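A single chain, nothing else alongside it, follows as structure tokens in the form predicted alone.
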């Protein structure tokens, strides 16, 4: 008999999440039936999307949503061998039973030298978000200038590096001097700390006096309102996230986007990476190749211990992570 631990949403978040909003449960798992397998989570992901999605998709008492890399520990399903690693979206739990339909094996050419946790980050959903957001939404071209905010996070850090591979000039901003130093280290042409600049408008203009062709927006809010005025004519904006607004109890008020969008004939598109599920393998293989060639560098913020999931989630929302935030069970 296996006893799984799971974190449930005890109370819907009011403003910033608190540890008291979560409840640690124990769940007794039944014996396997034919076609099923037992898995144990090895690494779990904490991501910004969990904050707005919890309100939209969850009831109080539900297991927190999320993705893990899990190891097969027992199998009555011929498609999965014991010891194999998979990516699953089974929420914040240590063990679970699956019929295999909701599992994705790591790419068959995944090197042993590469941490499996990267399947939650650079060679996983965040990396794919950067890949398809740049190629399909921003439609970046060599020689263009790309702006990305939250640039030291799981998605933003990959966006910047992929834009450099694509022959673009890249400007990034982040919330600490250490993060800015990291952006310079991984190849950003210009980077600044948005918390310490006197004027965001001036900082953006100084970084690229001619403006921006592409803006990959992870933040929304005031940053986006300022940045939109620095776009070049026919610029493209990929709206990936709005982390500046996720914890607001009262919605922020404008400014509004219509005038700069009209005068500059901008294209602004919100997207979810699931739109390109049919091309997932293409994206993963491209990202895996660039990581192995050293063209894309990865940084992970690893929190030890399943009991620290809420703390890791809250820390990520506060911007304490550099790169991808994961929890090692």
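Nothing here was measured: the structure is a model prediction, and the numbers come from that model. Residue numbers count along the first chain shown, from 1.
What follows is about the form predicted together with a small molecule, which we do not show.
Proximity to the small molecule in the predicted bound form, defined as a heavy atom within 4.5 Å, singles out one entry of 132, 182, 246, 96, which is 246.
Distance criterion of 4.5 Å from any heavy atom to the small molecule in the predicted bound form singles out 240 from the list 163, 171, 138, 240.
You can rule out all but one of 202 to 210, 72 to 80, 152 to 160, 102 to 110: in the predicted bound form, only 152 to 160 has residues with a heavy atom within 4.5 Å of the small molecule. Of the heavy atoms in residue 317, some are within 4.5 Å of the small molecule in the predicted bound form. A residue is said to contact a partner when one of its heavy atoms sits within 4.5 Å of a partner heavy atom; residue 122 fails this definition for the small molecule in the predicted bound form, lying far away. Mapping the unseen interface onto this chain, residue 191 falls outside it, with no heavy atom inside 4.5 Å of the small molecule in the predicted bound form.
Contact check for residue 273: a non-hydrogen atom falls within 4.5 Å of the small molecule in the predicted bound form.
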